[in-house]
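Two forms, one protein chain; structure tokens for each follow separately as structure 1 and structure 2.
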Structure 1
Amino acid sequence: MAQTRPYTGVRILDMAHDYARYATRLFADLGAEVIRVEPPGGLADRHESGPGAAERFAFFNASKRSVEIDFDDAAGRRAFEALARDASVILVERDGPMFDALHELVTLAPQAVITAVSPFGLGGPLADAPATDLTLQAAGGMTWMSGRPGEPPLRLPGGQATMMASVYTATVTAIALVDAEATGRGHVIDVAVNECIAHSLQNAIQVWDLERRISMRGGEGTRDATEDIFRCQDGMVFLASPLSLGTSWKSLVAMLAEEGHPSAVTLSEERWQDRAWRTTSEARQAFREAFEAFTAGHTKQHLTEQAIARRIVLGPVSRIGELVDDEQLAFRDFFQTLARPDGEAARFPGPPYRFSGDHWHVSPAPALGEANAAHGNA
């Protein structure tokens, strides 16, 4: 018998088509009944094209159901009203169904958490402004904080606006749902994607607020010379061996000495005990030259094994393709095979958690309107 999951018995009406569609996937993984309420022809994400479009749709909409409803038809409206009366959460997104009818949703489902997701929020001068993943990353500050010092801002790949907005949307919806279930009173939540991104910028906002300094790519200028990624024989590794991590630094120098590498002599110089100097560009350049002279002769696996044995804070930097064959992820069955809308199989990442006594399983993304008969809209 499968274990009951946290949101088993919770019905979520999902009208997201872009920035919030992973939020509802998270709830589906946790046991919620997530129903995509789609207009005739389907929500916009069904019509995306180009590289990876089919895979994205399959991933974001796995374990959901679909009903096709004509909101301009009396029977369709009645079917939607019946769904709304039993819903715990109704999630809408700009340019999708019912986004401009929040007052109507509150009347239909006063018990529900109604979460409205849009690029810039429900009000303000940019409320109706067009947006893309790139412009939202830029507007929220993510591009400014990404990349290396002295180089241009960098757009992060993988639809970061969708992933970031969805994580925040799921979190705030879950919090509001606790109160709604306890009091019987629903909530209306206004989620702005650019604000989600701005909130995720480490302490950049606080640095400006308290010190009137603009945070830069590569850190605040106080990062130790060892805290970076470094090239090795078959890729890159991440290292952190500041003096504050005494074991890591001492073990690193000892490893170089045991290997008979000349970098051990360089890194044993007295200046490497000066914490302030270690944050300078001179120190960063000197350390990179010394350490990469050593790592150039070793693989990521070898360096990682040596680091684990010596308690050095070092790990491999994995390319996306390398993750698929990662032995730890394979042992945990992290990647699962699902069918795309065209029937072809593809591998997708699973949730980063396990329930005791339960094997994680998802069902493929739903065909348009497949659950119409079950919800009185055949």
Structure 2
Amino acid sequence: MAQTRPYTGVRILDMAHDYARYATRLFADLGAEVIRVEPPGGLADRHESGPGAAERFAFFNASKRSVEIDFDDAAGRRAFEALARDASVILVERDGPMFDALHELVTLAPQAVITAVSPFGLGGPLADAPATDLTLQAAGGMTWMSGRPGEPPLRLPGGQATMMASVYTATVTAIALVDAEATGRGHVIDVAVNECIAHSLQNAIQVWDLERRISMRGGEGTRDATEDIFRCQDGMVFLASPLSLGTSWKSLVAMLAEEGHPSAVTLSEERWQDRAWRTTSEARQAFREAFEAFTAGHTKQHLTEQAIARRIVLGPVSRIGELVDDEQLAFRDFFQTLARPDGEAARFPGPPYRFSGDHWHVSPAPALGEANAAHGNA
């Protein structure tokens, strides 16, 4: 008998093609039968081109199945209806199949959680407005938070609108499923990507509401001079040694003193005990000069080892390709190996969480219609 995994027995009809793709992936890795229900030729994400498109497809659709169904054909509709009758979750996304047919889905699958994901939600003046990752990060308040003062606000890289929207989508769908499985009655969830982003802004909403300040990129006036990235011999490190953070500041100054570095004297001046002054641009510049005079002579690895030994909050700024050399990730055997579409083995991110049971498995993204024989009308 097959082993029971967290989402064993759960069938998800997945018509996500953009912002919700990672949500269904999370279920698929934990045992749900996630079936991409694709119109002839495939969902929109099979047609993306340009740098990174194939890799995005591979990451977001790992562990899923695929059926190709012609919604305009009677046999295709019957095949879809048969799938829907046994579905626990049906996920639709704006500009994809069945998004405009929520009532029909509720009738077909009253037991299911029907999750509809769209850039701005199902109603309101922007419901149909065009949007992309860049414009949604801007509209949701995320872009404002990053970048240098004096330069434009900076979006987060790597399609973060999809990541934010997907984790909210996955969790609310899982919660609604608790109730649907208990009562036999489904729910309709309406996820708005811009709202997900506006929900991920650290404390910026409260900073305005309670103190009438607008959080500024660069952190001037709020962030301590030490909380930044600094150049070292072979790259950069990130440091955080505000006075409020454990012994990080004391340990940092002690390290410089023990190494006999002149910056220990500079950073022992009385003004470094003034928390407000430490957030000014003057303090930032002074700290950078003093600290980089030290770090210039040391590698990321050496500084990281010192940080661990001395309880300083400091870590290396890693490039993507350096992650596979990260000693901790290697120790934990984090990366997986997964076949690329051409059959070559390649490294692939390991699980975001680890269970004591053998619950998480990943397999390559499906070819279009690979499960037709089992579920489709082909």
Partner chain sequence: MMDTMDYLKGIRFADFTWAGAGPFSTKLFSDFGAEIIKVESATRLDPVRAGGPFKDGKPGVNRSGYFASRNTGKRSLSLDLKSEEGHATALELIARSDVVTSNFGPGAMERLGLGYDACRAVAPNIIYLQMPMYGAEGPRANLLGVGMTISAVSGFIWHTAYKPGDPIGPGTHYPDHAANCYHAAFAVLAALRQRRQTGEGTRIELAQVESTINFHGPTFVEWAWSGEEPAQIGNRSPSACPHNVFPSDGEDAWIAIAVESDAAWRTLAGILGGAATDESLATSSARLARIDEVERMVAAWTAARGAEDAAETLRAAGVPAAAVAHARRLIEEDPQLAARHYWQSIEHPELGSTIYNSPPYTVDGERVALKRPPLLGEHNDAILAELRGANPTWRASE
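Because the structure is predicted, anything quoted here is derived from the model rather than measured. Here, rigid core means the biggest group of C-alpha atoms that superpose within 1.5 Å across both forms. Here, a residue number simply tells you its place in the sequence of structure 1, counted from 1.
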item: Of the two forms shown alone, the one predicted on its own; value: 1
item: C-alpha of residue 345 moved at least 2 Å between structures 1 and 2 on rigid core; value: yes
item: Residue 150 C-alpha moves between structures 1 and 2 by 2 Å or more, core aligned; value: yes
item: Cα displacement of residue 212 between structures 1 and 2 reaching 2 Å, rigid core superposed; value: yes
item: Residue 281 CA shift between structures 1 and 2 in angstrom, with the core used for superposition; value: 2.3
